[in-house]
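Given next, in structure tokens, is a single chain: the form predicted on its own.
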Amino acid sequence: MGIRFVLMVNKQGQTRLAQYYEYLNLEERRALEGEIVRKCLARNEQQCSFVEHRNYKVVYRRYASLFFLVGVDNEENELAILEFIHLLVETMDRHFGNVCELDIMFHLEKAHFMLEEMVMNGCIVETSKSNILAPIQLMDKA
């Protein structure tokens, strides 16, 4: 399947965006997020951006005050997922102009929409920034 979940978390460990591509009930999600966020935020800059947790491989990257965490299958390519995270941030930067935590909080539906344009059922389906942003720009005009 590929991508299992995408999380955006601030430096305090508060989840700002969560998108799951497999079913987990609310308690499982809360526990998983707590464990992964604690594990990733405790690591320093010199450590690699990949962590194995349960049956997931978690690839993460910090941009300003936000951590972008992507849970994938164990056989998924870590560097490809790092590129996906970078593409997501660049796309949000293009729309919001230097994306920050407040942009995600106040425009959560747009952030989810961008993610939904890029990933479908755990598979990356779109990588063109202009194609991802075109429907959002149409909605903004209306």
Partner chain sequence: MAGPSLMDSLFQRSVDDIIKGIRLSPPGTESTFIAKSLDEIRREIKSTDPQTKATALHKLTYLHSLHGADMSWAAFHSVELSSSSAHSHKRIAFLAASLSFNPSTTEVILLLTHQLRKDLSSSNVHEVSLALSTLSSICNPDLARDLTPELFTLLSSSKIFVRKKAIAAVLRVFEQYPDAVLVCFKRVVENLENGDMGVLSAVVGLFCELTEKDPKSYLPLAPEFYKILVDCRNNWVLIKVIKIFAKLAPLEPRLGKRVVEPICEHMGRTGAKSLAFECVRTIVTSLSDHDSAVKLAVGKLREFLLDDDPNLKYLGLQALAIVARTNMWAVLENKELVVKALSDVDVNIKLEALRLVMCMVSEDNIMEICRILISHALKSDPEFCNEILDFILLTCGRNFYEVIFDFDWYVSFLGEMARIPHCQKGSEIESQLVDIGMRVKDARLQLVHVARDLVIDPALLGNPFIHGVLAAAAWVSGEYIELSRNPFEIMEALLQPRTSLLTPSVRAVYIQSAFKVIIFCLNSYLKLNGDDPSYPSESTYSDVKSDYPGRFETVASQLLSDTEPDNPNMVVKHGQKPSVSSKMHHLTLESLVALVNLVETNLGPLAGSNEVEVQERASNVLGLIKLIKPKLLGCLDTREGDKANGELKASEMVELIFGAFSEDLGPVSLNAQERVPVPDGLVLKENLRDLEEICGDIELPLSTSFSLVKLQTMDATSNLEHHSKEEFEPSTESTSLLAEHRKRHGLYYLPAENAGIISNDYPPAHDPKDKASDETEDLVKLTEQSLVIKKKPNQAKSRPVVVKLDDGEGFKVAAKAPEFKADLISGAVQEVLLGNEATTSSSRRKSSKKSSKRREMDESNVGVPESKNEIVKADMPEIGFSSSGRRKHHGHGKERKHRSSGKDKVHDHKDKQKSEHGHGKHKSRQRADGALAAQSPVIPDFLL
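Worth saying up front: this structure is predicted, and the values here are computed from it rather than measured. Positions refer to the first chain, counted from 1.
Keep in mind that the form predicted together with its partner chain is not shown, yet the notes after this line are about it.
In the predicted bound form, its partner chain sits within 4.5 Å of a heavy atom of residue 50. Its partner chain in the predicted bound form comes within 4.5 Å of a heavy atom belonging to residue 57. Contact check for residue 62: every heavy atom lies farther than 4.5 Å from its partner chain in the predicted bound form.
Taking the partner from the other structure, its partner chain in the predicted bound form has no heavy atom within 4.5 Å of any heavy atom of residue 96.
Within 4.5 angstroms of its partner chain in the predicted bound form, the stretch 108-141 places a non-hydrogen atom from each of 108, 109, 112, 113, 116, 117, 120, 121, 123, 124, 125, 126, 127, 135, 138, 139, taken in sequence order.
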